[in-house]
Ligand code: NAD
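We begin with a single chain expressed as structure tokens, specifically the form predicted on its own.
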Amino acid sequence: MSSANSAPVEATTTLSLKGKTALVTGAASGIGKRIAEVFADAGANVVIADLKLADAQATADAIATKGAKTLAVAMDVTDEAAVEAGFALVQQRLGAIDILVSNAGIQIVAPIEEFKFSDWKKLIAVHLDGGFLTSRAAVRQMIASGRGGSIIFMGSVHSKEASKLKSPYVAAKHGLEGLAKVLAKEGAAHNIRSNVICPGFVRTPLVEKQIPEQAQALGISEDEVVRNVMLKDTVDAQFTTVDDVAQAALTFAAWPSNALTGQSLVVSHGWFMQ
């Protein structure tokens, strides 16, 4: 029985980002691009951030044809000055950020005894330094605006468990979970939520590149990499899709309260169950 002072909560069936401004890194292709498209369809202004301005602009132009307000920004997420300049441009053109999706990522595979320290540092920089620099810039704008917001990190099933040949990637994805939890605690007073999406293998260009690399490193065929490495622990031998991940991002971005913060959502066809 509800009290006399409590109003009933109306159920909603549509997740809306109307009036929100979202910045997605690594958004010129793959998962980031699909998230940007879904956010635009939900009513958000969308900032397409990627290494090359031409690539970001092409995606922004395509999304804008559907009526969304877009902005393309060149951003190396490992470069503090570039991140700060990109966020300043967004503030100038569209106002403060309401949603950040820290999605930019790379992959390098090798046994740890052969892993170059320069490659370790490069991968850690993109995932962890990039996650820190972009979330710090976003938090500053969210606090100043007084509106709060949502920060979403792109983790992986490798935020939960390990695979061979991926020592820096697994370390970085585990690290993003820790960063998200700290931000959830620090951001709560400002109505800033922080969460992680943990996809299974999504057949993007990044994963396509891994298939022959792992086949060579493991001494097996490419079909065996797909069947016996990438999809062996799923419930249906299916790749996760970019739309699967984008819908999870929309849920985190549109969630109306701190009830859903400091969490990770595994989108992996049952590869990892928690």
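Model, not experiment: these values are computed from the prediction. All residue numbers are counted from 1 along the displayed sequence.
Omitted here: the form predicted in complex with this ligand. The next part is about that form.
- When contacts are judged by a 4.5 Å heavy atom cut-off, P199 counts as touching this ligand in the predicted complex.
- P168 falls outside the set of residues with a heavy atom inside 4.5 Å of this ligand in the predicted complex.
- Interface membership of S150, defined by any non-hydrogen atom within 4.5 Å of this ligand in the predicted complex, is ruled out.
- Interface residue remark: V126 is counted as part of the site for this ligand in the predicted complex, having a heavy atom within 4.5 Å.
- Site annotation in the predicted complex: the residue of L53, A215, V207, A62 reaching within 4.5 Å of this ligand with a heavy atom is V207.
- Contact with this ligand in the predicted complex, defined as a heavy atom within 4.5 Å, holds for exactly one of A104, A184, V139, V90, namely A104.
- For the marked spot (G131, S135 and G262), a heavy atom within 4.5 Å of this ligand in the predicted complex is absent from each of the three residues.
- Judged by heavy atoms within 4.5 Å of this ligand in the predicted complex, the contact stretch among the candidates 218-226, 39-47, 22-30, 64-72 is 22-30.
- If you take 62-80 and check each residue for a heavy atom within 4.5 Å of this ligand in the predicted complex, you get M75, D76, V77, T78, in sequence order.
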